[in-house]
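Given next, in structure tokens, is a single chain: the form predicted alone.
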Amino acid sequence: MKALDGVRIIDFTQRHAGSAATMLLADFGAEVIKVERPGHLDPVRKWAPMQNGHSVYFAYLNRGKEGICLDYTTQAGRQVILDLVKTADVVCENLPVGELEHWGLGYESLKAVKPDLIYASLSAFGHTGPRKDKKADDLTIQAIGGMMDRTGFADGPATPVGCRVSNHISAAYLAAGINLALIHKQKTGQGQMLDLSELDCLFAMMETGPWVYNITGKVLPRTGNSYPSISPYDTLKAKDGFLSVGISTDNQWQKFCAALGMTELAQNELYMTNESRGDHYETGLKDELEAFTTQRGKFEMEATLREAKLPCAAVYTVPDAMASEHIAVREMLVEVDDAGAGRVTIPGTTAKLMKTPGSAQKGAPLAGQDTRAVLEGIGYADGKIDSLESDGVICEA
């Protein structure tokens, strides 16, 4: 048994953010029916890396889903969607604001045929505000949300976080919002619309930046790998890469020096307090630390510092992280059989529910792979399905 067994989601999402949200729900048992239009398939189907001519990126974001190919811009296709929605708990979409409304498939239209429907909409800027009709990608959201200005070094350009952070954090919020709406529906029998903005989700991650400005009027500078009130809090060069160091107290400083055999640094009066270490970090301490760390391997130092119970670690490359024992034990790399890409290795399920665990059991559907089966499931006869196919309203893999 899985936590969302019995929940049916009609999924109009494309690209990363929306698809990642419905992927999370599919992992926990929701029946997710991905809807794509003929000639307007999810662009992720062509995103690298490719295997056997199919996108592994798509296989990851759409694992565990069923797929139908349907032209909902036609009257016949719209009717199929309405019939599907009558059987569903949730409609989820991240199309441009107003697109489904244009085709008569917005919240009010769908609520008319399914009064307790949960309609979850994710967009770059939400359904209100002056930017609501504007398009954006992850890079744009990081720029507008203030995240990019907080990332990088003080003497360098603003840079984005090295992954699609606004996409993925908004996917998590979207999945959480849908679950909250499902709980409300269970308690009251009422559906509702969920309006989620990627910009809102990213802005909520900004931590101290907005608070400091609101209280003091000061804009925090970019600090690279350091932190203004903690020292050393940085990434130091190692013999074979980098070591991440987070020393926040004077006691930790003494333990850190002892663990790496830096006796002279431990006894240096300039470095006895966190404040004085910060004052002298860029003008001497960092160079003195790297004189030690560049002589040793990053994993050797990680093991030593872990034994000393200090919050320090080697900087793992992607292959390092993938090969780590902890990732393996946590089952954060799993293999699934994908209909297009074949056997693929993708990230596992993050939330570890003890009684109703989630899992990635199959890959993504081919375009239209489940069209006939889904329509048969809502009572469409073979003849009607054949007629829809001959008219170009639906397509099958």
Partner chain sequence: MMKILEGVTVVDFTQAYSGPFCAMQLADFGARVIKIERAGVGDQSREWTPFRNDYSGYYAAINRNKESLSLDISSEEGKEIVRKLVKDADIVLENFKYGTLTKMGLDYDALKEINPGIIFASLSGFGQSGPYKKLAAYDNVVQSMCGIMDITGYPDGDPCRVGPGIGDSFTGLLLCNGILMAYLHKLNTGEGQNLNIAMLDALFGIEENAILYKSVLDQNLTRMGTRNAMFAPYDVFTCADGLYTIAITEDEDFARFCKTIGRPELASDSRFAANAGRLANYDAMMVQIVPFFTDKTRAQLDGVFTEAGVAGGSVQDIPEVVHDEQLNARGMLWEIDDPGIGKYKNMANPIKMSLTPPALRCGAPLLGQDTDHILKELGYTDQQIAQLHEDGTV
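Here the structure is a predicted model, which means the values were calculated and not measured. Positions refer to the first chain, counted from 1.
This protein has a second form, the form predicted in complex with the partner chain, left out of what is shown; the following refers to that one.
Q) At the 4.5 Å heavy atom threshold, is M332 in contact with the partner chain in the predicted complex? A) Heavy-atom contact with the partner chain at 4.5 Å: present for M332.
Q: Examine G146 and determine whether its closest non-hydrogen atom to the partner chain in the predicted complex is within 4.5 angstroms.
A: It does: once the partner chain is placed as it appears in the predicted complex, G146 has a heavy atom within 4.5 Å of it.
Q.
Can you tell me if L24 lies within 4.5 angstroms of the partner chain in the predicted complex, counting non-hydrogen atoms only?
A. L24: yes, in contact with the partner chain in the predicted complex.
(Q) Under a 4.5 Å heavy atom criterion, is N274 part of the interface with the partner chain in the predicted complex? (A) Answer no; every heavy atom of N274 is more than 4.5 Å from the partner chain in the predicted complex.
Q: Could you spot which one of M322, V113, A258, L270 gets a heavy atom to within 4.5 Å of the partner chain in the predicted complex?
A: Of the listed residues, the single hit is M322.
Q | Heavy atom within 4.5 Å of the partner chain in the predicted complex - the one residue of A238, C201, L100, A88 that qualifies | A | Only one option qualifies, and that one is C201.
Q) Going by heavy atoms within 4.5 Å, which of 69-77, 277-285, 244-252, 258-266 lines up against the partner chain in the predicted complex? A) Selected stretch: 244-252.
Q | Partner contacts for 199-216, taking the partner chain in the predicted complex and a 4.5 Å heavy atom cut-off | A | Residues within 4.5 Å: L199, D200, C201, F203, A204, M205, M206, E207, T208, G209, P210, W211, V212, Y213, N214, I215, T216.
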